[in-house]
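One chain comes next, on its own, written out as structure tokens in the form predicted alone.
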Amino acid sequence: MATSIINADKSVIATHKKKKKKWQSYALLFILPSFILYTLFVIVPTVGSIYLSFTSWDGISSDVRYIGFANFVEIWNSPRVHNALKNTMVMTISLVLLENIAAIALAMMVDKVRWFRNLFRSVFYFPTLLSGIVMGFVWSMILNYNFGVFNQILDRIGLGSYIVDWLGNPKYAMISIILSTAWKGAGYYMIIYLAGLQGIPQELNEAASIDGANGRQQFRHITFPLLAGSMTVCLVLSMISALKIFDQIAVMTDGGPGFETETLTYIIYKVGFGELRQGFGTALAMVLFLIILIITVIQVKFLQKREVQL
């Protein structure tokens, strides 16, 4: 009897192993096409880019001359790259703060609305659906010095002395891009924060209200700490998006006036395709990749540590 039971168990195990192997073979067939495409269009170009960063290739000819670390030495000594790095950091810090503050505020407003909640959610989210190019054109028309809507409003309400060239003046060009980009991105992060808010038990706020805590105290000691998970996601995504900003700059200022709004991503485009220095542009892309990688790892570790502490 015991022997027959053991043999039956062995046959069941063998059958299970065969089904598992068969399922694994089918899963491999489903994964294989995507893996091949990913290898061809991501892994191979990435490995090729590492090599091209050590060359002086112009992007057109077949002459790919190896020059060692000359591109990286030029990056280290280039005032233009230093200026682009400074602009990138200013835009990144500003956008991360503005987008997340605005997103939390919008999420709390939508969460408390009783009527037409879906309408407000859609209105706030709508700018996210616009491409960076379309958004750039829209804000270029709004902020145009001669016929822009914003300057016309200032003139109509008696503030004509405050009319300036928002995109052509070095003092305001960077601010204009930051504010318009924050307007576009805040709605996306609002949805994530809204999901986090709806996951907070209302009993906590009700108990705090009974104990005499006002709205500000409830937000500080209950809502804000419990949004740590959503905040980790939003801060990382907004930081990566800000470091790669390109479309808005290309349409609104073309990196100008002068080099006032030129960022690392935009200088990569200008150098690689405008000046036909693909090798140098690829080296800059490698530097930007390392910057994003390092900042993301540090940011995620810090934010996850905060989540554990909370």
Partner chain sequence: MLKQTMTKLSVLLLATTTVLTACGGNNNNTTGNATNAPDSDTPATEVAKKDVSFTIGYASGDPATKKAIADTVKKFTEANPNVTIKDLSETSSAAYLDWLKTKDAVGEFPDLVEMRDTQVFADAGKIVELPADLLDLFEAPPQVEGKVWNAPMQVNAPQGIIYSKKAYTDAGITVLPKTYDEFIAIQEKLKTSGITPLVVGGKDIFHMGFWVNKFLIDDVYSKDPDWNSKRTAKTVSFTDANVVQAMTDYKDLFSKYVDKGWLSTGDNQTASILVSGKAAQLYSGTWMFTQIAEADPSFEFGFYAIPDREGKVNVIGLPSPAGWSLSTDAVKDADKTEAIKEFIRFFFAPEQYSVYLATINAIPATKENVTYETSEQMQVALDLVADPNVVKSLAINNWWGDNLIPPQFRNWYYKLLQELVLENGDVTDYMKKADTEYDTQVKANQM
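All values derive from a computational prediction rather than experimental measurement. Residue numbers count along the first chain shown, from 1.
Although not depicted, the form predicted together with its partner chain is the subject of the following passage.
> Are all three of E99, F116 and G185 close to its partner chain in the predicted complex, meaning a heavy atom of each within 4.5 Å?
Replying inline: No, the whole trio is out of contact, none within 4.5 Å by any heavy atom.
> Which one of T88, Q218, T232, S140 is close to its partner chain in the predicted complex, taking close to mean a heavy atom within 4.5 Å?
Replying inline: Looking at T88, Q218, T232, S140 one by one, just S140 meets the 4.5 Å heavy-atom criterion.
> Pick from T223, N144, S180, S94: which residue has any heavy atom within 4.5 angstroms of its partner chain in the predicted complex?
Replying inline: Comparing distances to its partner chain in the predicted complex, the residue within 4.5 Å is N144.
>> So, S56 and its partner chain: in the predicted complex, are they within 4.5 Å at any heavy atom pair?
In response: Taking the distances in the predicted complex, the answer for S56 is yes, it comes within 4.5 Å of its partner chain.
>> At 4.5 Å between heavy atoms, is A283 in contact with its partner chain in the predicted complex?
In response: Result no; A283 lies far from its partner chain in the predicted complex.
> With the partner left out of view, is D111 within 4.5 angstroms of its partner chain in the predicted complex by any non-hydrogen atom?
Replying inline: Residue-level check for D111: no, no contact with its partner chain.
> Hey, in the predicted complex, does L237 get a heavy atom within 4.5 angstroms of its partner chain?
Replying inline: No - in the predicted complex, heavy atoms of L237 and its partner chain never come within 4.5 Å of each other.
> Among 205-213, 164-172, 191-199, 99-107, which stretch sits within 4.5 Å of its partner chain in the predicted complex, heavy atoms only?
Replying inline: The contacting stretch here is 164-172.
> Looking at its partner chain in the predicted complex, which residues in 261-275 have at least one heavy atom within 4.5 Å of it?
Replying inline: Residues within 4.5 Å: E262, Y269, K270, G272, F273, G274, E275.
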